[in-house]
Every structure is written in C-alpha cells, then in structure tokens.
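Below, in structure tokens: the form predicted on its own, a single chain.
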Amino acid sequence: MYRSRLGTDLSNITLDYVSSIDDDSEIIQFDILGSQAHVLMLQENKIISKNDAKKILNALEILKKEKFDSFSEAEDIHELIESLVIKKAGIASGGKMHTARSRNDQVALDIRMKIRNDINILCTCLLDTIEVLVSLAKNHQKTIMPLYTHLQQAQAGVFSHYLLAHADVLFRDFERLYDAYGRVNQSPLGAGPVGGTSIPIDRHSTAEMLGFDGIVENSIDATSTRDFVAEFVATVAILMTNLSKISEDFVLWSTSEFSFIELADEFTSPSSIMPQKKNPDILELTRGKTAEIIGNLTAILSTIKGLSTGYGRDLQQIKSSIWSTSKISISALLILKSILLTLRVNEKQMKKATDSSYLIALDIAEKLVLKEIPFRITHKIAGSLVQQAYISKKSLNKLTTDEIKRSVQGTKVDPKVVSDIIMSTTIISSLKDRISFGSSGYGEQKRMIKDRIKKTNDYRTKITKRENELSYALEKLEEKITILIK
C-alpha cells in the first residue's frame, strides 16, 4: 500500500526481511488507540468530516476485537491496520485516516504508550516484592546470621537486615522507573515524518486524549530519538542485576554446605539422572535472563549510536528488545515474590554458622575503644585474640588468662579488662549494642521496618494515582468515540 512511488512490490524474501509484523503484536491496541485519537482530532479541527471520522472509528472499534493473522503482505502493523480500515470504511473515508501523520511519529507513539504501561506494571510488581521482603523481615528480626564481605563471614547480623537491604535496592529501582515515566509520557504524535505538517492539527489535543503529560515539541526529536527506550531498558537492566544478586545468594544458601534456606518444590527442578537433586533452576534462569537484558541494552545503544539525525529503519530492530526486556523483568519480579512467600528459613543453621566463627572480634575491639584505647591498638589486640583462639581451636570466650596476656603484650592494656570484655560479649549482646543509624542492631530493625512499610504505602498511592489518571484519559477517549459513532 505504501509502495506507490515504486514500480514493483517487494519479493517474499525481501518482505520477510523488512517486515516487523510479528514484533508489532505487542503494540496493536496502542496503534488503534493512537489512530482513534488522531481521527477525533482531525474531525474536531474540521480537517475531515464527521461522517468520515465515524466510518474510520467504527472500523477501528471492530479491529480492537479482531485477532490479527501474522501472515500479511503489509510491512508492519501500521500499514496493516490502515489497509483493514480502508477495506472496511472504503478508500473515500478510510484513506483519510493517515492525514497529517507518518509511520515515524506513529511508531514512536506506540512505543511510548507500551513502555509507560510496562513501567506502571513494573512499579506495581516492585512494590509487591518490596512488601513481601519487608513482611518477611518483620518475622525475622531476631533470626541471627553471618553477614559477609568477600564471601567471608564479617559481622553478626539478622536476616531482617539482609532482606531490608534488598528492599532498599528495589526502592531505588522503583524510583528510577517512576521518574523515567515522566520522560516517556510525552506525545510525539503529529510530528510527521521529521519536519511537521502544513495541515492545522492540534498536537496537544491528541496528547491529552491519550493521557500524555505533554508533547515532544521538536519534530526531529519526536520521531527519531530513542533515548527514552535506552533509559527504560538501562533502568530495567539495573533492576535485573539486583534481582540476579538475590538469586545468586539464594542459590548459594540453598546448597547443603550452607543450608540457610530451602526453596519450595515449585521453584526447583529435579535432575534427569540423579534422583536426590533439587536444583534452583528458576533462580539460575534469573541470572541468565539478566544477561539477556544487558544484551538488549547493548543492542539498543549500538543501534542508536550508528544513526545520523532523523529516522532510520534500523530503529525497527530495537522493538523486540523492548518487549523482551519488559516481559522478562515483570516475570522475574512475580517469581521472586512467590519464592519469598514460600521460602523456608533454617534459623538454627544460620545461628550455628554465626556461633562457629569469630564475629564478635570487632565488638571486642570497639568496647576497648570505649576504654579510651586507640582503635588501631584494639584492632591489633582483637586480631591477636582471634589468632590465639584459631590456633587453639576454641571460641574466644574459652581463651585462657595466659593466651589473653599474650594478645595484649606490648600494648599496656590490662589483660583483666580484655578478659571481662570477652566474657560479657556475645552475638546477642553485639546485636543489642549495635546502635548506629541503619545498622543490623535489634533496635534499628524495628525502626527501618516501620519506615519501609510507610514508604511502600506512599509509593503505592502515587502509582495508583498515576494509573487512575491514565485510565481516566482513555475512558474519556472511549466516551468521545462512542458519542461520535452512535
């Protein structure tokens, strides 16, 4: 239909090469909505007649309910929908639907509408996952576990502190997506191919009907820029990287060597040959799919960086990367939420691992600091105490008077003071004494959990308001269509 300038149609091989019909299935409904708003605007500005608008809108309403066959001679969904409208409404009316519009501003519009929907879905999924993390943290404020650096036991902590750390990471993912929405939710419709149109259209009207916050003003920017796509996929790549870290922890902790947690059967897979196996395949796939999304981002950036200013057909290739990114990340959040809801925590094993190490060493050093001894000296004493205990294969509180004396040699520190501190220091006392803001101490857990619950509720109110505003705009658009086609 678009090849009137050219003498021949595309061969089947060439059509298959250039067609984006299969990828366009994700934006069919958005393309129809955009066309409806555009037609209403044309009619309201006396560019097409009410009768023509009525016929076109009727045809588009019918197409909303139809299933589209992916086999088509059209190059893309925009051409296919227009050809079907013309077939239903006739060329005299249907042929006017594309007035003052290009496929360039049309596809930019559809992608923006798709991404803004996906952002809202992802924001809701993030809040749901955060809510489960915080709820689980509430139940594990006293579940003692080792905290790690370099995969080596570092300090005593509680499982709630670990869970809240990841909740805070996901809050930042939410905030990045929530902020990106404002840059995505700008309408490019009416920008034409690249330089606008001489027909007196109202771009602000279509933007309002479709629930956009405003318009992408410059017509070159509106049709050829895909930085909003790169921002969305980059933000999701960061999100997936964060989910991959949780997945890696849970893969490690579900091994028999750790046994900190057990995954529910529905989130594991058996071995094809070893009957005893319970493999964390779902979490491993999250790690793998994270790599796929990073690949999508690389593909998008590589495509964009190679283009001169103005629309290039290369941009067609990034659509599948967007759809894949959205689908994977939404699924990953839904699955992680379900895994957390069914997670079995082995509190005894976590406590055993904590008790078997020397995690109170820093607490001993800090208590000596409170005796006005320089930290570098207390650090040396505590290190020597650990070395003595390690060599003797005993816990710190089992050290003899002679071993303690050897540890303080050359420091002028009274070994009796050190001995008293060792005997009064336990994992539990350590967690009670941990008072710095945001620490893993018992008191801070309560405060942080309360704060995160409020934060989740506040953000949920915001995202609900945004979704309601968008739904209201589209409902008003539907009302206008209904009134006109009666």
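As the structure is a prediction and not an experimental result, all values here were calculated from the model. Just count from 1 along the sequence shown to find any residue number.
Note that the form predicted in complex with ligand ARG isn't included here; everything after this is about it.
Query raised in the report: Out of the stretches listed (153-161, 409-417, 96-104, 121-129), which one is close to ligand ARG in the predicted bound form, meaning heavy atoms within 4.5 Å?
Result: Of the options, only 96-104 has residues within 4.5 Å of the partner.
Report task. Would you confirm whether the three residues 116, 462 and 472 all fall within 4.5 Å of ligand ARG in the predicted bound form, going by non-hydrogen atoms? Result -> No, because 116, 462 and 472 lack any heavy atom that approaches ligand ARG to within 4.5 Å in the predicted bound form.
Report task. Would you kindly say which of 76, 213, 366, 231 lies with a heavy atom within 4.5 Å of ligand ARG in the predicted bound form? Result -> Checked against the cut-off, the match is 76.
Requested in this report: With ligand ARG left out of view, choose which of 176, 319, 138, 380 has a non-hydrogen atom within 4.5 angstroms of it in the predicted bound form.
Outcome: So the residue touching ligand ARG in the predicted bound form, by this definition, is 319.
Query raised in the report: Would residue 313 sit within 4.5 Å of ligand ARG in the predicted bound form, counting heavy atoms only?
Result: Contact with ligand ARG, yes.
Query raised in the report: So which residues in 203-225, when you check ligand ARG in the predicted bound form, have a heavy atom no farther than 4.5 Å from it?
Result: Heavy-atom contacts to ligand ARG in the predicted bound form: nothing from 203-225.
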